[in-house]
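Take a look at this one chain, the form predicted on its own, written out in structure tokens.
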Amino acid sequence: MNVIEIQNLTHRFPDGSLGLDHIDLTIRAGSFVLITGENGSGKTTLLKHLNGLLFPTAGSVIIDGKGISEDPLHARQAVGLVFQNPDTQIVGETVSEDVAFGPENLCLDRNEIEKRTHDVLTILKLLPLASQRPHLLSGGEKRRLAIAGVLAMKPKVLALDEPFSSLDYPGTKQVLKQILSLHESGHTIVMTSHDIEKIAAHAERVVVMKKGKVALDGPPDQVFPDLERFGVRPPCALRWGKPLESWLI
């Protein structure tokens, strides 16, 4: 079953520049899709169409059976988008309050809000920090908090824009571990990254973008050998003729 269906998606920005150019893409529920490409290739613009932050100039985006243009609220509940800079998503005075913000805006009753907040903080190993002020968290903890705030809305799809940007090695491992755990629990994962070294061993499918178009789309072993042609550095293991290994080993 496809949870995302994109047909002939085109997007022009207000200045007339073309951000996306006739994209056709389907994403199966429960899959792990890596979208890569050099800076300016359209990765983030594509993600923003998945939950109605942007709307198509032409074409359609259907999320879980409903078009985003007809029902943007449905798209925003079905697709949780985690931005590259987690500080842009953190609004609460404490970690717990930040996670509760989304469910509160869904007008849920207090017991359900508290249950979702507790459950998500537990899943992402943030419960001991529930009373902490978000600005005191490390980079990896902030990224996990941004993911927690999205998960509290119970989305089917988790869309992450450059989730390892600016993280050190321990922070990257923390975030990667949680993303993989969420995928194992049934979430569809759609992730953008121009530095694929950290996630190469886990992606089931790789989509390469170039100038707003899908240039390559397929299993990692078929796509990775051609990455350099599109401005993306292939995993180092391939250069050395070795198998890909997870950063969690």
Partner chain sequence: MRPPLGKAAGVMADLIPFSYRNNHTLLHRYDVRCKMLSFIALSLTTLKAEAFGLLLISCIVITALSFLKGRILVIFYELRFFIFFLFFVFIIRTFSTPGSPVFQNPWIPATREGIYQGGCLFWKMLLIALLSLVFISTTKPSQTKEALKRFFRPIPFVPEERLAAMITLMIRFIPLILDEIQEIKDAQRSRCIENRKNPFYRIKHLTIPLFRGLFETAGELAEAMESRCFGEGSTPMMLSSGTIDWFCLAMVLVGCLLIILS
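Only a predicted model underlies this, so the values are computations on that prediction, with no experimental measurement involved. Numbering follows the first chain given and starts at 1.
Another form exists, predicted in complex with its partner chain; not displayed. Remarks below refer to it.
Asker: When you measure heavy atoms, are E93, N105 and L136 every one within 4.5 angstroms of its partner chain in the predicted bound form?
Answerer: Checked in the predicted bound form: all three residues contact its partner chain.
Asker: Counting any non-hydrogen atom inside 4.5 Å, which residue from L176, L158, M153, L126 sits next to its partner chain in the predicted bound form?
Answerer: Of L176, L158, M153, L126, the residue with a heavy atom within 4.5 Å of its partner chain in the predicted bound form is M153.
Asker: Please run the contact check for R144 against its partner chain in the predicted bound form: heavy atoms, 4.5 angstroms, yes or no?
Answerer: Residue-level check for R144: no, no contact with its partner chain.
Asker: D168 versus its partner chain, in the predicted bound form: is there a non-hydrogen atom within 4.5 Å?
Answerer: D168: no, not in contact with its partner chain in the predicted bound form.
Asker: Is N85 part of the interface with its partner chain in the predicted bound form - any heavy atom within 4.5 Å?
Answerer: Contact check for N85: yes, within 4.5 Å of its partner chain in the predicted bound form.
Asker: Does the 4.5 Å heavy atom contact test between H187 and its partner chain in the predicted bound form come out positive?
Answerer: H187: no contact with its partner chain in the predicted bound form.
Asker: If you look in the predicted bound form, which residues in 19-55 sit within 4.5 Å of its partner chain (heavy atoms)?
Answerer: K48, N51, L53, in sequence order.
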